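For this one, two forms of the same chain are given in structure tokens, first as structure 1 and then as structure 2.
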Structure 1
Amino acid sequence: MQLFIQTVWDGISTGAIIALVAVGLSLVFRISRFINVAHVDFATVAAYVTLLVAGSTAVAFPVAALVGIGAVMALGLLAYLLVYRRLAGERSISLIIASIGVAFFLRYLVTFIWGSNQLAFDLPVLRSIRVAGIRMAPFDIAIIATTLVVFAGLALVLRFGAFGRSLRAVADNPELARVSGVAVDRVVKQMWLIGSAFAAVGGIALAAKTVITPYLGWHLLVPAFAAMILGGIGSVGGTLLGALVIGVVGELAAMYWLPTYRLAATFGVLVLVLMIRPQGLLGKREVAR
């Protein structure tokens, strides 16, 4: 029982990271209407940039992380301007193929520069605290807290802010939004900045929790996608819930089955959701247009 609760806790901290990546994927999907496969490689780039800044300068780690996040926001905007905007009129299948091209390019750019060996941030090891016999690393507590705060903020902004209103307008019907006076292009750019920032935070968190390899983000693709579908596209709360489920199921599979079957378990959840409730837990059924 102790082991089970410990595993669930570990799953929640993994799920918090998946949630960060998944919500960015979901936001970009809502506004640009395709699954940006390269989103998870943005996470990888953020980890490497942070490593570069933290390792080669005297700045504190949080500052390096901010540089990493900023760099990836710029990268996301650049990918939108150079690639995705040019394909904006095309069907989503053209965009998703371009995005796998971007993903490949970024992953192997990282491999080219840093090699494929495992690297890690030079972070102090903090003593875990014990709560009712459960080991809780301060880092895990921090990442769960951060995720909760960020998600609460995002939910508030999307529901009540002027930006959220514009965003929903553009997501529902770009043409109608345009004629209603919404600066569609600006909203889309802002969306890419925010979405990429989420990928970056998730990537840096995962890198700090585990190790950095060129495949860091790639391994998040299926869990993040599964979380997005499970929660329901467009539902911020649903994405968080979906990611926590995915995280916990993955850790339980790793503990009680085989560590390498974490992905298989995640994939199993995805298959179940697609079979039973493809619109997700909190999503609404979409009508083809």
Structure 2
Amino acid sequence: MQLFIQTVWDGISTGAIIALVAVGLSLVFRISRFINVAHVDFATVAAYVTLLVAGSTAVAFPVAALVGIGAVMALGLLAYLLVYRRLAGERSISLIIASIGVAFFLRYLVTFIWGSNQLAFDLPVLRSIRVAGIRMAPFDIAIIATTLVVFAGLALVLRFGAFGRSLRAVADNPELARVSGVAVDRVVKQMWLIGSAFAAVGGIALAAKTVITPYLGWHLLVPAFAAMILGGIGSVGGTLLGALVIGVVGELAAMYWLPTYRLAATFGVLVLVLMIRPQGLLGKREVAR
């Protein structure tokens, strides 16, 4: 039983990282109507920029992480202005193909600059604590706490803030929103900044747990996509819940089945849920369409 609970805890930690990346992916999809494949490579760039700043200056790691997040927010906005905005109105497949091109460009750019060897943040080794027999690494606790705080803040902004109302209006009907006085272009730019920031936080969190390679973010694409669909497109709470389910199911499959069957188990759950609720756990049917 203790092994089961330990595995669930590890799955929650993994799911928290997936949630950070998935919610940015979901925001972009909700308003731009395409899967931005390069989103996960934004996460990779954030890890490398943080590594560069932390390794070449005397600033503390949290400051270096903020620099990495800021750099990726600028990168996301630049990608929108230079690539995606120019393709606005085109078929979704054209935007997806363009995002694949952006993803490959970023991946080979970081490979050219930093190489393909595994790198890691120079973080202190902290002893895990035990709660009721469950081993909890301080990094896992920090990642889960950060995810919960960030999601709570985002939910409040989207539910009660003026930006959230404008975002919903643009997502539902951009033309009607424009006629109603909503600055559509400004809202879309803000959404790209926020979505990119979430990718950056997720990438830095994953890099702190593992190692940094040019494929760091790529490994998150499929789980993040699955979490977005499972939770319900456009639902902040649903994305968090979907990511936690994906993380826990993946860890349980790796522990009690085979690690290579992790994706098979998570997508099996995804299919079962969608057969019952096509709009996802907390999604709305009209959005799913």
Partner chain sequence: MTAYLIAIGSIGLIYALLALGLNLQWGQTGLINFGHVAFFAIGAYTSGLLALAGWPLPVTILVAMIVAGLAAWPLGRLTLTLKSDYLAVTAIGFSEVVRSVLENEAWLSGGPSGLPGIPTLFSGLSGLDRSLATFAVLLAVTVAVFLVLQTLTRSPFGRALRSIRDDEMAATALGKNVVSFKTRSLTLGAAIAGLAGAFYAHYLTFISPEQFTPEVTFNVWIAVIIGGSGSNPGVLLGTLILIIFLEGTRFLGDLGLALDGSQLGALRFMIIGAALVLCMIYRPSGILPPASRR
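This is a predicted model, so every value here is computed, not measured. FYI, numbering is relative to structure 1, first residue = 1. Rigid core (definition): largest C-alpha set, two forms, superposition within 1.5 Å.
Original post:
Between the two chains shown, which is the form predicted alone?
Top reply: Comparing the pair, one sees that structure 2 is the form predicted alone and the remaining one is not.
Subject >> Core-aligned C-alpha movement of residue 263 between the two structures reaching 2 Å >> reply: True for residue 263: a C-alpha shift of 2 Å or more.
Original post:
How many Å does the Cα of residue 277 travel between the two structures when the structures are matched on their rigid core?
Top reply: Displacement of the alpha carbon, after core fit: 3.8 Å.
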